[in-house]
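To begin, one chain is listed below as structure tokens, in the form predicted alone.
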Amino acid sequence: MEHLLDRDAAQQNPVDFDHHSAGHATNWPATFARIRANSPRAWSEHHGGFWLATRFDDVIRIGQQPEYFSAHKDYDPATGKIGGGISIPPLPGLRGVPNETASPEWDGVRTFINRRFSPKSVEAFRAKAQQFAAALIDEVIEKGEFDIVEDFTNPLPALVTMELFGFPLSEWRAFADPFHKIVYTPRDDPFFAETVRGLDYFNQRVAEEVELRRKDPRDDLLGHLANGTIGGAPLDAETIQNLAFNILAGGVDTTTALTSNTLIHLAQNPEDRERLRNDRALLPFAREEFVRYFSPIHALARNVTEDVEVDGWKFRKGERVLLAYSSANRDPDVFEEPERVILDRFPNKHIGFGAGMHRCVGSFLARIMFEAMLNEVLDRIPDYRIDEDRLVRYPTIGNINGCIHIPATFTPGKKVGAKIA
């Protein structure tokens, strides 16, 4: 009975919660702790109104019932009309596929791309990730200073994702920068619409490369999109664009955010840094703990398809729900000492990669990229120091919790001759 919710009372007494606000970005752990303790099933009137799920069990239950809580997004490029999707408020532009689809569309698309992101398939990119990490450190190693985001954690996921697609590696910045800026640019910023238009180049290049793959097939992701079939039918241009958008968006900024926050933590907690440096067998456990603790995918939305009740929580058709993964991953009912990083935490049933059928398809690749970056730093610049006075975090973390700039210095070293190729 403790889970019963008086929905009318909750809506009449909403919490002042806006996940895109500057206040939330600077104080989100305390905000979620307060809401979990006082009103874990809260209603916010921001962005048209939505329910907020902050507890681990609620997020799991909702995420595992896609028939009632859909991620599907309607988008009409001719009119710009948007409905549903995984963002509150909805993100203008392309529809993320498969992230913003529902069955039966999701089933066909997810099956189509799963084999490209299986553990065995992505393991083939481990050597490239290590090579790129070494090459990026080579570019700064003799200077003794770099920007962790600009020079390392942003380029590497972009380069690996470009390699996965089969795009020329020289174009990585033209692809990655618009996705990076969209994530941290506030929706009410006058330059937000211009930032979204930065995706036009990506869309153009996808169309061009797909056409080339149809004439000259290659065994890369673009070739898979160009010549593959779903349900026996070739993929149309819109599906290809939406799939490519979703995969690049998911591959670029989430791993960047995770690794950036981890390197900040290790700089601020030298005992953890030394422990990891001296015992790499800890890395798989620490990796999952950093995913839990920082939850780079901060929160995603679902859309109620019909009136439904979940453990005493009543929803009405058409309402929206924000699943706060970052709050669920610090739920004290599930995690011991949730506000503390415990490098060898086990078991660790975090939901940093989502929950339910929309769990991140690229999670195995993200782990490989994260490990490559962390190992390279611990091996070659283990004494790095961050200039926290010049550190710039995202002004809005409603979708992804990351950083724009992390200036750092270290003892200069020697190049190893790695190349980005």
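Because the structure is predicted, anything quoted here is derived from the model rather than measured. Counting begins at 1, following the sequence as shown.
Omitted here: the form predicted in complex with a small molecule. The next part is about that form.
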Heavy atom within 4.5 Å of the small molecule in the predicted bound form: which of L222, L266, I247, V183 fits that? Just give me the one.
-> I247
Using a 4.5 Å cut on heavy atoms, which of R385, R34, R359, R390 is close to the small molecule in the predicted bound form?
-> R359
Picking from 139-147, 253-261, 334-342, 72-80, which part of the chain touches the small molecule in the predicted bound form when contact means heavy atoms within 4.5 Å?
-> 253-261
Would I381 show up as a contact with the small molecule in the predicted bound form if we use heavy atoms at 4.5 Å?
-> no
Mark Y394 yes when one of its heavy atoms lies within 4.5 Å of a heavy atom of the small molecule in the predicted bound form, and no otherwise.
-> no
Does any heavy atom of R110 come within 4.5 Å of a heavy atom of the small molecule in the predicted bound form?
-> yes
With a 4.5 Å heavy atom cut-off, would you call V321 a contact of the small molecule in the predicted bound form?
-> no
